[in-house]
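Below you'll find only one chain, the form predicted on its own, shown as structure tokens.
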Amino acid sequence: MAELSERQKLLLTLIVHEHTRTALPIGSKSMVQGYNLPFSSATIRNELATMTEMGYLRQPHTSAGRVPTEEGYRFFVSNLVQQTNLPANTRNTISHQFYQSPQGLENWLKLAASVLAKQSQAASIVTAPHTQNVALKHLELLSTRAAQVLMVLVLVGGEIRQRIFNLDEATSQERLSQIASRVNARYQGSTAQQISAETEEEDPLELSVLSHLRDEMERSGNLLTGAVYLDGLTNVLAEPEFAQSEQALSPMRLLEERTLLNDVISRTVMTEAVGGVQVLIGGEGTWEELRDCSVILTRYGIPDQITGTIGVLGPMRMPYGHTISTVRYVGGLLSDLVSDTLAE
């Protein structure tokens, strides 16, 4: 893409802001009147025509004004968005909500989804922190009924997994607690592979428990993300870009289909450092389902230990500066809370 002059950069910025606010094409006359620009309407029309030829703008109809293209939005985000912090009162409000919320990771994740949706007026995506380096921290076995057992597995890093399985025979809670104690004493800090290599027990009951334990650890290791928390889908569906049911299916697919979400996360933020923000515009030529959308994502948590992803999905016509700052700030709060939780 050709480089823009300073005047063209100014005009692109104004068009992005106005189109974000109104969802309408922006014409030269309204720009002169609305911003008291020191250029004539004719000059602006010529610049807009040039920028349309360059691929930064498009004209929906012959007599209409211009709207940004995907390339226009990309240039704006890469070169013109001001990387500023959220206003102090907004940061204080968000921080107060987190520290007044009931303690616990699940409560914080639900709150993060709610805050992001409200602040961005878009749909939010929050995945629970997860580690691929799965090792045992603590095991509990709880008798439920007959031979059925609830396994509560805490992994190194704080992730909690639960699984119900059946033993060959009914077993008392006392016996299950004894087995859990021995497993914790012997295998704490071990991976599923290490547990397999070190297993020497001849007790069929304990061997059965260890088999279910390894299976659950391996299943966790194969996951890309933890549980997913969503909020604000109605914000997106209310936007004019998604007024038709066919267009509305695109954002719904990302939010509802775990495979698509995992693919987006694995190819974007999972390759970035914790705290880095990624902006995907129009699917970036990779995800056709996102051709009408923009997605802003960041990783949070503790590098090389346990991380999750948070982000916002909305139309390409979104307030990028505010939304990027919000995603970055909430991600930082969650990183601090995860770190504090593990330290305890």
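Counting begins at 1, following the sequence as shown. A quick note: this is a predicted structure, and the numbers were derived from the prediction, not measured.
In what follows, reference is made to the form predicted together with the DNA, a form of this protein that is not presented.
Proximity of residue 291 to the DNA in the predicted complex falls outside the 4.5 Å heavy atom cutoff. Contact annotation for residue 38: at least one heavy atom lies within 4.5 Å of the DNA in the predicted complex. Taking non-hydrogen atoms only, residue 49 approaches the DNA to within 4.5 angstroms in the predicted complex. Taking non-hydrogen atoms only, residue 305 never approaches the DNA to within 4.5 angstroms in the predicted complex. With the partner left out here, the DNA still marks one of 279 to 287, 296 to 304, 41 to 49, 315 to 323 in the predicted complex; by a 4.5 Å heavy atom cut-off that stretch is 41 to 49. Contacts of stretch 59 to 77 with the DNA in the predicted complex, defined by any heavy atom lying within 4.5 Å, are made by 59, 61, 62, 63, 64, 65, 66, listed in sequence order.
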